[in-house]
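The chain that follows stands alone, in the form predicted on its own, written as structure tokens.
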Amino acid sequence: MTTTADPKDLKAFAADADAWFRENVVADPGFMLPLTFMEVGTDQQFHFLRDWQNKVYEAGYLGASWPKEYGGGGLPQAFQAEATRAMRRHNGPIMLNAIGLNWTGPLLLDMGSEEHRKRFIRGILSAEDIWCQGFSEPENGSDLGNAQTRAVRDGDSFVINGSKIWTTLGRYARYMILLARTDPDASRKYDGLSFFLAPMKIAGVETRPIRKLTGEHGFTQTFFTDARIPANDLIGTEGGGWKVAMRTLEYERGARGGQAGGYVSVDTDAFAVLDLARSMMRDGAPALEDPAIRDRMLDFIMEIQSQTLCRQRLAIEPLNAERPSALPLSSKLIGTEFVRRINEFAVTLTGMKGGYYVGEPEAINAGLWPRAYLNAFSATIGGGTSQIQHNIIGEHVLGLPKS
């Protein structure tokens, strides 16, 4: 596979992608589409988004830069970037299989065996095989290294017992990336963990939906009771799961590239918030005429431009030489907290009507803003809370002591 793109070929591909998304994006399917993959709460949403992802993949606009021998397009990354831009330009629905496309797939291409790649990559891209994540546990919060779900070796299998929580799409998933403890007596808690590609549709695995503050059931809790999985579903070595999990979190936090393309959440449009500020009234005048509101709106627009420039800076090696990990490690923290703050601001613009939610006749923009605000919190928690991200930046970028 070549890594550079012929400008003529790239231009033709971009034009074809633009035309395809213009023709195929359904503006209104007749029901509410999720803002993020963590909000998929109905079978109707799930099947629509699964069909949509498969359609995009079959058209050649997802996984375009992944190796052809595993089901990808085998093209330079620039082609996938053009396809994703066209997808955004025409407001295409999100890609459903977020954990497969953004974490599991890149991990398999990076650290998986040849058998794993041939077995799993195509199903990830087509959405035939939905993936979920089994890291967090009810009793351990953000202390991932203290995971207590047990995996006991029994011949050519491991027997799993324990529970995982916040497993997004868990009730639909066919596979889980699972971190489990194989050696409870290891001298360091991190040394006793192993990383599995665990099947979900087997005896001994049960999922229970969790109703969120947003009203839907995008999360589940997963219970393992003597669930038996093949030993060759292990990635890396037995007891070496912490290293694999840390690599996975680099993909989840956006600190490492290689994702399949597309997007798994709808970006908040700052200019839609600007329009909202123009339309909402304060003291008989548009809210935007309030100097304090204008000032905050300008700050948000400048922040967006700053984030855009930082992404461009990442591609210019000399600009990152002094602290090469600074931008990748901070991008998740900055981006998720920005989305939370701008949606909170939008809710305040709607005044008393900000209390109306989806389905209520008085809701502004069909309840979009309170819904987007409440949904924003999940991204500030998943992949490491904002507090943990601050610690990571302090320790690994600034070199501050843990104490």
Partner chain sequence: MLDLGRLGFSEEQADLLEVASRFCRERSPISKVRSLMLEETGFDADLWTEIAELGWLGIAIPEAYGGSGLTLAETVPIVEQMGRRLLASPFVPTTLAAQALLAGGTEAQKEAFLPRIAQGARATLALAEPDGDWRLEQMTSLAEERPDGRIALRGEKRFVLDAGAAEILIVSVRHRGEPQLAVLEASDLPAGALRREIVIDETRRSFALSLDGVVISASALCDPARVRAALDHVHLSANLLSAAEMSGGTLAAIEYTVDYAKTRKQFGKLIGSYQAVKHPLVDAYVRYEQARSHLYSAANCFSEQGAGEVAVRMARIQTETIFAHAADRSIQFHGGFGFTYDCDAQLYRRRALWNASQNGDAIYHRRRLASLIF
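Positions refer to the first chain, counted from 1. On a predicted model such as this, the values are computed, not experimentally measured, just so you know.
Missing here is the form predicted together with its partner chain; even so, the following discussion is about that form.
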**Prompt:** Does any heavy atom of P7 come within 4.5 Å of a heavy atom of its partner chain in the predicted bound form?
**Reply:** no
**Asked** Would M297 count as a contact of its partner chain in the predicted bound form, using a 4.5 angstroms cut-off between non-hydrogen atoms?
**Response** yes
**Prompt:** Applying a 4.5 Å heavy atom distance criterion, does K118 contact its partner chain in the predicted bound form?
**Reply:** no
**Asked** Could you tell me if L288 has a non-hydrogen atom within 4.5 Å of its partner chain in the predicted bound form?
**Response** yes
**Fill in**
Exactly one of A186, M111, I301, V152 comes within 4.5 Å of its partner chain in the predicted bound form through a heavy atom, and that residue is I301
**Complete:** In this chain shown alone, the residue from I165, L274, L249, V266 with a heavy atom within 4.5 Å of its partner chain in the predicted bound form is L274
**Request:** Indicate whether the candidate residues R278, L327 and S330 are all in contact with its partner chain in the predicted bound form, with contact defined as any heavy atom within 4.5 Å.
**Result:** yes
**Message:** Partner absent here, but in the predicted bound form, which of 75-83, 235-243, 317-325, 154-162 has residues with a heavy atom within 4.5 Å of its partner chain?
**Reply:** 317-325
**Prompt:** Using a 4.5 Å cut-off on heavy atoms, what residues in 380-403 are near its partner chain in the predicted bound form?
**Reply:** Q387, H390, N391, I393, G394, E395, V397, L398, G399, L400, P401, K402, S403
